[in-house]
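Next up: a single chain in structure tokens, the form predicted alone.
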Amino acid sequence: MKVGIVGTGFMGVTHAAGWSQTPAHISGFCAETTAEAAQLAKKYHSKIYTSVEEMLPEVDVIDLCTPTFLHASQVRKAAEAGKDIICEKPLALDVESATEMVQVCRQTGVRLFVAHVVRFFPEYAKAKKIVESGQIGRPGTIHLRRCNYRPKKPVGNWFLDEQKSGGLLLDLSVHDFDYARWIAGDVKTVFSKKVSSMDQEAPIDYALIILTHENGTLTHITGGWAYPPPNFQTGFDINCDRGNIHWDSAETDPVHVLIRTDQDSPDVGLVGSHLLESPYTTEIKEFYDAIQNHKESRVTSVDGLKAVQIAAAARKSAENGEPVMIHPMEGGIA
């Protein structure tokens, strides 16, 4: 299997490390400039491509680690070339684009995998198995927490341009929208509130979201681009009628005081450094196995689409202050 990676930023580096742990061959990298791809190409003895179009004829799989606003056009090009696709989350900026992406992949017979990596974190995956086992009963309420620092890239930071990233509610909280669906099923209504401070010294975003699932489960999600770097904390409580599951990434101390400093930190925060294997590597290995051996993966293109649908509803609710209904997908998409 020959893989081409598009995008050589933080996620491109992370995905390349994952692919290196599979039998697949990294054929090459494509970035905005050849200079940006040079270091990774040298490390993995791979080629540098100047465009997606140049890469497509020489690979079997395209791995898109590009900004969200580029996903739709790049997925279409790859699908029309008959290539299986790995696409970083979120799948797209809006429901219409995400729907078209799923449909074009179905029409061309290629497989589209969306990299919702939270499903591959062992704590989250274990909680899913416990709920599925039935030993603690049916979920009644779920509380998911994810608070990071604002992405730090310098001038031209696409993360902070909501027209390109979707902002906090799409780029960050989409992780928890997807996980909530994985645990409790499809969502019926979404209500959200968002608070922002554009203080140049310490800009922050906070959001609170309530999902009502079709089975009656309520999920409360806290999201934030608000912590001082390099702090990133996540956690969950899953409360069922015969038991509960609790996990917090920062539970070694009962009280945490986080002070802003000049300490350097990555452009984008990540959790999971304590694990023996990166969840991103676990994710890539599963995608490789699914493609190579015609298996299912724990995350599908429709999962990616429905996470975007919830995020779109959350963004709309935050704007108008009203709950937003989630309507069934059209076009035969389950």
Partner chain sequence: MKIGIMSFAHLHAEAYVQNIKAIPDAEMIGFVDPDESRVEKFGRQFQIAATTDFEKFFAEKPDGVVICSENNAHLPMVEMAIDAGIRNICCEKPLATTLKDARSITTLAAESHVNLMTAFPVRFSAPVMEVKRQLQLGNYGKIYCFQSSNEGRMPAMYRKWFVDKELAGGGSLQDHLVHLTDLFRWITRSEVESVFAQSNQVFHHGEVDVETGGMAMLKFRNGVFASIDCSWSRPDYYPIWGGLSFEVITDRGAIQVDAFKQNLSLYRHDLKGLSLVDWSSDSNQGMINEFADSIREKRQASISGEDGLRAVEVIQAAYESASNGKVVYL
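Fair warning: this is a prediction, and the values are worked out from it, not measured in the lab. Residue numbers count along the first chain shown, from 1.
Keep in mind the form predicted in complex with its partner chain is missing from the figure; the text below concerns it.
Just one of 143, 152, 76, 164 comes within 4.5 Å of its partner chain in the predicted complex, counting any heavy atom, and that one is 143. Checking 95, 204, 81, 72 for any heavy atom within 4.5 Å of its partner chain in the predicted complex turns up a single hit: 204. Candidate site formed by 22, 38 and 122: none of these residues places a non-hydrogen atom within 4.5 angstroms of its partner chain in the predicted complex. Using a 4.5 Å cutoff between non-hydrogen atoms, residue 226 counts as a contact of its partner chain in the predicted complex. Shown alone here, residue 160 lies farther than 4.5 Å from its partner chain in the predicted complex, counting heavy atoms only.
Shown alone here, residue 110 lies farther than 4.5 Å from its partner chain in the predicted complex, counting heavy atoms only. By the criterion of a heavy atom within 4.5 Å, residue 130 is excluded from the residues contacting its partner chain in the predicted complex. Comment: 133-141 is the region of 165-173, 87-95, 133-141, 113-121 lying near its partner chain in the predicted complex, near meaning a non-hydrogen atom within 4.5 Å. Taking a 4.5 Å heavy atom cutoff to its partner chain in the predicted complex, the contacting residues in 306-329 are 321, 322, 323.
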